[in-house]
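Only one chain is shown below, in structure tokens, and it's the form predicted on its own.
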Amino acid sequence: MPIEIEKLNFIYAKDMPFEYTALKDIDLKLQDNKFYALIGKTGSGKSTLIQHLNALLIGSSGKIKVNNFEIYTDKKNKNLKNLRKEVGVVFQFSEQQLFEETVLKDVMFGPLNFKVSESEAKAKAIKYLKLVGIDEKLFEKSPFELSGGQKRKVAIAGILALEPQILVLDEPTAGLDPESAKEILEIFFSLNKTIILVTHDFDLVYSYADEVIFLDNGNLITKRETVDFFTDDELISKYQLELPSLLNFQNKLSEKGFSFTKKHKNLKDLIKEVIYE
């Protein structure tokens, strides 16, 4: 298990008038090389939870293990720099963190900070800039000359260049057009890593996630396979969740007499079954 969380609690402003419990006895186990979606309404505890995975926040009580690192809630933690190399976090509007003179230097910064040689840092930067689709002719340009989508890709390349084993994506497609959002998610989907996607976009969740982790008011409500989650009518109704567009479309086709062997997670497979039914 790359991530094991046991009875994790987190309290903001503890013992003060505005004390607020953001996480309540969270028990969670995440496996290697699976794509998870972490969902819930604003204030449900999503951002608080992901900040515990690389010790940006330390729990008020409970246990956390990330790969071979144990994050203590009751004593001083060591080797946090190495932990943060293992857990790469792509924050919302990550392009706002770009700062170097050139695109290449910006992506090299992280590896250099972890004491790799300049030649190795450059090789990693080139590798991941190409992976995210940044043309070589842009490598020596200022990142501030790029388009919004290109800036986002450069910021993502900077995280990937650290070669983390776990990727936490906090609304990585926020502010992007649908085509750019899909392109970026396809990049992450192709990686052989444990991925945790925080998003409000249920269409992305349905298309890419193996499992859904659902928080509400600081509580872990459920963790289950994506299709099972969205086909639980009682759960969807109780928490007033919207269905993903594709699932809603398939349900409407079913109401019109079409029959399906399963709930499809991509449009191509759905169309194929309709045509060859």
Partner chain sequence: MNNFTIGKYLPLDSFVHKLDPRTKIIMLLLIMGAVFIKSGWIGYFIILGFIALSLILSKIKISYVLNAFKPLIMMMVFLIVINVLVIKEGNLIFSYGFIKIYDKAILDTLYISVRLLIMISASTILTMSSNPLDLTVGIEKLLKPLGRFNFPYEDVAMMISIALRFIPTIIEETQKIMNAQRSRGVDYEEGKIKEKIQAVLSLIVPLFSTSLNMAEDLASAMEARGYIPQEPRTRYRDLKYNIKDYIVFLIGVLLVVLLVWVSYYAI
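Owing to the predicted nature of the structure, the values given are computational and were not obtained by experimental measurement. Residue numbers count along the first chain shown, from 1.
A second form of this protein, the form predicted in complex with the partner chain, is not displayed here; the remarks below concern that form.
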In the predicted bound form, does every one of 74, 189 and 206 come within 4.5 Å of the partner chain, counting any heavy atom? no
Among 66-74, 216-224, 49-57, 230-238, the stretch whose residues bring a heavy atom within 4.5 Å of the partner chain in the predicted bound form is 49-57
Taking any heavy atom pair closer than or equal to 4.5 Å as contact, tell me whether residue 162 reaches the partner chain in the predicted bound form. yes
Is residue 81 close enough to the partner chain in the predicted bound form to count, meaning some heavy atom within 4.5 Å? yes
Would residue 109 count as a contact of the partner chain in the predicted bound form, using a 4.5 angstroms cut-off between non-hydrogen atoms? yes
Even though the partner isn't displayed, in the predicted bound form is residue 102 close enough to the partner chain, meaning a heavy atom within 4.5 Å? no
Heavy atoms within 4.5 Å of the partner chain in the predicted bound form is the criterion; list the residues of 2-26 that meet it. 10, 12, 13, 14, 15, 16, 17, 18
